[in-house]
Every structure is written in structure tokens, then in C-alpha cells.
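What follows is a single chain, given as C-alpha cells, in the form predicted on its own.
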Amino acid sequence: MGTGLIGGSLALASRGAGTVGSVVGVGRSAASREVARAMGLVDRTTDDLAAGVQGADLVVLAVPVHEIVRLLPEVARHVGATCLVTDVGSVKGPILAAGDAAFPDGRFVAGHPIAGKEQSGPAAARADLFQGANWILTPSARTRAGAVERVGAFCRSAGANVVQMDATWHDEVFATVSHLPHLVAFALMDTVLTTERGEERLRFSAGGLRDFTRVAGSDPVMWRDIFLMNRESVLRVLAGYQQALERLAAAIRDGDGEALTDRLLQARAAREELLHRS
């Protein structure tokens, strides 16, 4: 379900790998459904959930995180007894709980592909989006081992590396490495705009601001939902970020060039290591 960047890319990748017989896109936007059909992402589309999942072997919920939680009980009412269900949400704790409640027989496998870009919608879909990317699965004690194996094989067929992780730890990790950077990028743009003559200042910006705030081009509604669903973890890492800013502010305020240099060198070394691992 969902024919945007992630759902559309997964449809392209799985069709290209020959791992699916038929792909049905379910979505409310008639325009998105039309683009998905025109691009060959799906065999057919519908805005009717019951019709879309009828006879499915696998349902992938590629919609915003709050929609995943809302839709899971509805999906459970309409799929067959052997259909597996997974999702692509970047917050796992609440989604896993909702999935276990909707599928107490363990047919729901919570997942999160670590792939994407700031563009959204079916027109942004790419068949190679998941090549070499990590795809995290966060099964619970209730999740069937066979379901995890089948969903994992499906993810690998799209080119991804499958990693299993505890859902609580997942949400802590991604609050730090994904949710916080997006929040900071949005906040930085907001800071510039609300500064005196902010629009004029923006006209003089170059690569630094543009590169740093790239992810602020992402869907604001999607990220609003992620920040709120992962509220506690996001607030913890945000407090740590505020402390880091205060340490830098203190060094500048005190004219402590040595302390400032130490912080900058440490950050640069970490950044270089990140690029090397990538």
C-alpha cells in the first residue's frame, strides 16, 4: 500500500527481480495512482483497501507512520489467513505493538529500509533505491520465524542487506542518526527565516546552507508524524544536541580557541570516518 518513493521503488525493484507476480498499489490520491500506472510501477491501482489486498500473499504498508498504525487493524480484517504484512516506517516501537495486536498469530513483520531521498511521490521512484542499503527488521517474541525469513528474502531480492534489531534500540538509534538531523535542518531554515531580514540573508547563502539543509526538502507532514511518534527518544537526543551547542557557545563566549578547536577536530574526524564507512 502506498505508491510513493518507497512503495514505488520497492515495486520497481521486486518486479525487476521477478519476485512478484502482480503488484497492486493502494492509495487515496488519484494523481499518484495515475503516475504509478503510467510509470509501470504497478499492475493496477485502487483507492479501496479491501479490494487492493484481496488475495495478496504480502502486504507492504508504505505510508506515513501514523497511517500504518491506523491501517493495521483494517488490513487484518481483509487479508487471507496466510498473507504476511510488513511496513517501512522509521519508528518501530508503536508500529510493532499495533502489528502484534492486529496479527496475534505473528504474521506481521515490522521493517524499516534505510534508503530514501528528500523527493517524494511515485515520480521519484528508483529501481536501485535499496541496492546495498540496510533493511532493518524488528520482530517481537510473537513474530513467526518463518514470516521473518520470507520478508527478509523479499527485502534482499530488492538489493538490501537485512539486519535484525530490537525495536526499542532501533528507535533510540534512529532518533540520533536520522530524526535529529532532519529536525535540525528544519530548525536551521526556520532560524534563518525568522532572523531580521532573513529573506535577504538567504539570497547570499551558498553551498554550506544548501548542503546542510538538504533534508529540509522532505515531506513536512511525514516528518511531523515521525517526530511525534518517536517523541521520547527525539527529545532525549535533542537535549544532548542542545548541550553540544552550549559547549560550543561557551568556548566562543570565553574566547577559548583550544576548546573550540578540540570540538571541531573531533567532529571532523567523526565525519571523515562516516564517509569512509559509506
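Here the structure is a predicted model, which is why all the values come from computation and not from measurement. Position 1 is the first residue in the sequence shown; the rest follow in order.
Unshown form predicted in complex with a small molecule; subsequent notes refer to it.
This chain is displayed alone, yet in the model of the complex one of V35, M222, V69, A216 has a heavy atom within 4.5 Å of the small molecule; that residue is M222. The partner is absent here; in the model of the complex, the one residue of L96, C155, V88, V85 having a heavy atom within 4.5 Å of the small molecule is V88. For a residue to qualify, one of its non-hydrogen atoms must sit within 4.5 Å of the small molecule in the model of the complex; none of V109, H170 and N230 qualifies. Remark: of stretches 222-230, 206-214, 249-257, 48-56, the one touching the small molecule in the model of the complex is 222-230 (heavy atom within 4.5 Å). The closest non-hydrogen atom of L41 lies beyond 4.5 Å of the small molecule in the model of the complex.
Mapping the unseen interface onto this chain, G121 counts among the residues with a heavy atom inside 4.5 Å of the small molecule in the model of the complex. In the model of the complex, A115 approaches the small molecule with a heavy atom inside 4.5 Å. Looking at V65, you'd find a heavy atom of it within 4.5 angstroms of the small molecule in the model of the complex.
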